[in-house]
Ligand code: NAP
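Before any questions on how it binds or moves, here is one chain, the form predicted alone, in structure tokens.
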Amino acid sequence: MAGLYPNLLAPLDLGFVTLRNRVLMGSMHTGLEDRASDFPRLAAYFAERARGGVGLIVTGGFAPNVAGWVSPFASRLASPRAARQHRPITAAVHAEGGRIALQILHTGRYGYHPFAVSASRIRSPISPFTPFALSAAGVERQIDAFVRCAELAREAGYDGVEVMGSEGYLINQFLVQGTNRRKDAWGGSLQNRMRLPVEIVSRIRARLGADFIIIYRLSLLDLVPNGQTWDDVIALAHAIEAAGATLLNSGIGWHEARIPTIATSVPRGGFAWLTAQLRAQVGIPVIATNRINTPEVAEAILADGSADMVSMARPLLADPDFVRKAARGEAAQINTCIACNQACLDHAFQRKVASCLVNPRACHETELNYLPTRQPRRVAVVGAGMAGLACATVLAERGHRVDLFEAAETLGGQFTMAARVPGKEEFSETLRYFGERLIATGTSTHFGVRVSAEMLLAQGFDEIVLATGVVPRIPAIAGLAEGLARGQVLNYVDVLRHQRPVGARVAIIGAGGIGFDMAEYLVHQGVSPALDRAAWQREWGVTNPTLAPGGLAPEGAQPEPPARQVFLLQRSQGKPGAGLGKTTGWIHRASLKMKQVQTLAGVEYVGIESAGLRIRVGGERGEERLLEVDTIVLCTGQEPLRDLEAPLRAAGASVHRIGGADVAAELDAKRAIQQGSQLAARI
């Protein structure tokens, strides 16, 4: 079946070693790197991806010394003892026929600790610690630490290293004049500023010889003011190639940049055009990265000559068998990464072990396994939302006889509405995946069937799982009933599922995740920027770095005018959207600001009138104000649907409750899929 993806599945000859295909599992910090006691779990995690066919794996970042730490006592490789602790990881990958490189990551001024160092004493906007400016001798010590770390990586059994030279970390800080104000041999001219990465790569090559993979992560697009020019990038690429690098990997955007680079609203393969520009200038293989999540996208990037290899990190969290399924012609069965960041990056920034919203086994391979059952049971799962789908398919995979009942005619529940929000089109991939899983596992499905307790009891199920979901909560506001009768007031289900018409001026009551999604839905019209790279670049002010340093368009962001005037209101004080995802909330807030959405906090809803919504802001002494709007949309939370539970329990049935039926907080697909999967693994 390799003929389906001839470029993606083709071997890559590096001269001294041949990789079995063009898939690189990109570096991603999971939290398992920080303690040697977690290395057995890390070994199992990487081994499963190697078994799935990945050509080359790159670990999460390991600091070469204390100064390079992400945070105190975070991942570091700086001693022979530490190298020995890594050997089970490399052995596990090699046992599955894979290859693995260790990423050497020096955070520089991004280090969340008081020992941080950088080219100059300039604090990062995303860290509270001001770095120490390295002396010339201090720079040499950092180079020595990189080389020593690479040497230890080889002792640990790694096939190579990736030198992290992008995303705004230490090496990037030396390259850009805004963070490098030095007047010595390590600052000033381009030749001096790029001396640090060139010395690191050349000394690693000299120390470790010709048969060791050295990947250099090159920042192609800084996306910060006064970033590198494209001439600077190409000059560095030539120097790194001459210094002995084996592969050039693409880096996109500094962490402090205010432009999204990997979120679900970024177009697929949205930066491969930059790798194509680089590839035309160098003689070693180059790797495309960011938002490559299907074999079709990866194949197209390789086929048109944009890259020699593709890097995928989160897609291999979502499905460790990505490559194997592609090779077998089973791409429809790949559990596609939807780039939500909710369980991977958000967890990493919250100091939790990473996982994956669509695959809760990710990074938990030693804890959550779907083993064949020794005692098959008849199980009814009621509700085909995310919780019910996860539970039903895992149960059936394990060998139970499963009947899935859903009152609607289609699967997906609340998730189908999220997939209609501009920038969340990827969510439909999860619906497609579960549809395939229902067929593959032999789950008996019953759509358009609203079950009763009597029906379930009459069929004699051994276990009954209630994944019946939620209904929108209706708040107590004066005039609400009249507004509903006039069609002036709608809830989010009316708008997103039933496509009820909405006026030109809209007030959204409730500024949680659903409220923000509703605002996105209402202010966009036409083709979503997530599906149109040129439109997305205009919206966020991204241009070719050949035209402007760092790729920031001189004219700035140029979003399309909003389709409607929208007011986003919340009862509580504080910043609207404060509860959104840690790594994506700022994107949603920035997007709505560009679309001129007016957000108000501390709002009292006085009443709904035919002319609009009367509110008071500022407490009892605040003045009343009438928002003259055509439509009021309620995004005021949910209530669990539990009507079946009491009669089933009263009859002595074995009942389990998962998803929104269990906890009707913000719609949380991560919790729903995890809860459904864990229950199914136990029954």
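In this text, all values refer to a predicted model and were calculated from it rather than measured experimentally. Throughout, we count residues from 1 along the sequence that is shown.
What comes next is about the form predicted together with the ligand, which does not appear here.
Taking a 4.5 Å heavy atom cutoff to the ligand in the predicted bound form, the contact residue among 423, 285, 510, 550 is 510. Checking 539, 517, 403, 299 for any heavy atom within 4.5 Å of the ligand in the predicted bound form turns up a single hit: 517. Of the stretches 45 to 53, 632 to 640, 32 to 40, 618 to 626, only 632 to 640 has residues with a heavy atom within 4.5 Å of the ligand in the predicted bound form.
Of the heavy atoms in residue 521, none are within 4.5 Å of the ligand in the predicted bound form. Residue 475 belongs to the set of residues with a heavy atom inside 4.5 Å of the ligand in the predicted bound form. Contact check for residue 580: a non-hydrogen atom falls within 4.5 Å of the ligand in the predicted bound form. A residue is said to contact a partner when one of its heavy atoms sits within 4.5 Å of a partner heavy atom; residue 572 meets this definition for the ligand in the predicted bound form. Here the marked residues 342, 588 and 605 all reach the ligand in the predicted bound form, each with a heavy atom within 4.5 angstroms.
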